[in-house]
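Given next, in structure tokens, is a single chain: the form predicted on its own.
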């Protein structure tokens, strides 16, 4: 079934598909991924099914991903139909020149010009800082992004893989200095990785930034390749194996808790007669403040299956099964906000229900 509804991205007028097409697989430079022909088939099928939100980055497959997308849009003549998102931060210049990485104004200017050239377009709908560089002041980043909006080279700005305090500071600067605000936080979110629930869900709701969830399948662990209850079923393969072998963050996903989540997901998926991957994506898409979930594919069958992830509902009791299996240990200071502490604050007082039109009460 084609995607037939869209969400506004944060507090903007930009309407995007609830499922975005991630294009990290466009190109084989990283040892896995798709050829140009395979990538174009996936690109076209995603759009034909009703999707309009394409996500890439300047560093994906050494720039091949952006180049392919630019060529595909030109051949299809559909640039205005697409909401195009790309990212900057990593050093992608030949020779790894000292100012050709990070989030400084000089690299932002270099990166956006290179992306525009590869994408064969004169503007980018959503330009996202890929990662906090721990060096560049947030004031410089926000002013630089606002300048690009005023120049018409980008329409909206986002942040990915940054501390919540940094994102909060960025939004405060935008509000008080009249800069273009951040409209989305692109963050890892899945049954396996739920840490953003500590702060980012509320932060997004308060500041008007929607969540773009990446890796909803936990780096592939929730894809359905891995089945519970099989002795030695901890050997990973494909992209998950590649990232693990390279010492990437995905390696931390191979643990007892996560294999318990795989087991619960398998059982729930079986009960509702849906693929494990679709069930995992559905769970993410229906969490608070999630505007769009980034899905990727190396095979057409994967794309078509994932695009059906919103065609069904997970019954509430089964959602609770998944929630319980994927519950995570809180760390300080979040451990101090538990319900027993709240009861000591309000004592015997009861909070009256607010009218439906009133703003949402903060979670306790």
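Here the structure is a predicted model, which means the values were calculated and not measured. Residue numbers count along the first chain shown, from 1.
Separately, the form predicted together with a small molecule exists; it is not shown, and the next lines address it.
- At the 4.5 Å threshold, heavy atoms of residue 87 reach the small molecule in the model of the complex.
- In the model of the complex, the small molecule sits within 4.5 Å of a heavy atom of residue 60.
- Contact annotation: residue 25 falls within 4.5 Å of the small molecule in the model of the complex, judged by heavy atom distances.
- Residue 55 belongs to the set of residues with a heavy atom inside 4.5 Å of the small molecule in the model of the complex.
- In summary, the region of this chain contacting the small molecule in the model of the complex, judged by heavy atoms within 4.5 Å and restricted to 175-183, 261-269, 95-103, 289-297, corresponds to 289-297.
- Checked against the small molecule in the model of the complex, the residues 160, 121, 168, 198 give one hit for a heavy atom within 4.5 Å, which is 160.
- Proximity to the small molecule in the model of the complex, defined as a heavy atom within 4.5 Å, singles out one entry of 217, 108, 154, 211, which is 217.
- Contact here is defined as any heavy atom lying within 4.5 Å of the small molecule in the model of the complex, and by that definition each of 223, 302 and 306 is a contact residue.
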